[in-house]
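Just the one chain here, laid out as structure tokens, in the form predicted alone.
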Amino acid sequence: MIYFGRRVSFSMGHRLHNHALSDAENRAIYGKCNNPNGHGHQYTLEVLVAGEVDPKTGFSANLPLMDEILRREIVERFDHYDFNADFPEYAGVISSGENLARIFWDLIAPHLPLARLRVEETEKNAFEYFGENR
């Protein structure tokens, strides 16, 4: 089994906020990331897919397919949007890196044999997800 990784970047705004908590509790937990006007990040998403090496091509993954899926499912969908304001399907989801990693996995996994997904939110914050079966 060979593992192949591919990375994409996109900019997205969000606000860390739990509507079940008071404003004071949210500020205490999330600090400046709870700013009512939100804030943004230049995210980097890396996927790692698993596959056997095709003896005909020498490749373990279909790179053009991977690029198309990442472009369609992640970059076109989230780049330059506000997660909390622009995606009613995720209303009530706290937009933490942990939750974003699961959401991105769920969007990509039906199309690629994912082994790992990594979301880099900042230079200091990164989140890895291996799916529910690990």
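Source: prediction; values computed, not measured. One rule holds for the numbers: they count along the sequence shown, beginning at 1.
In what follows, reference is made to the form predicted in complex with another copy of the chain, a form of this protein that is not presented.
Mapping the unseen interface onto this chain, Y90 falls outside it, with no heavy atom inside 4.5 Å of another copy of the chain in the predicted bound form. Looking at M12, you'd find a heavy atom of it within 4.5 angstroms of another copy of the chain in the predicted bound form. Another copy of the chain is not shown here, and in the predicted bound form it never comes within 4.5 Å of any heavy atom of I74. Another copy of the chain in the predicted bound form is approached by L16, whose closest heavy atom lies within 4.5 angstroms of it. In the predicted bound form, the residues of 81-120 lying within 4.5 Å of another copy of the chain by at least one heavy atom are, in order, Y81, D82, A85, D86, I94, S96, E98, N99, A101, R102, R116, R118.
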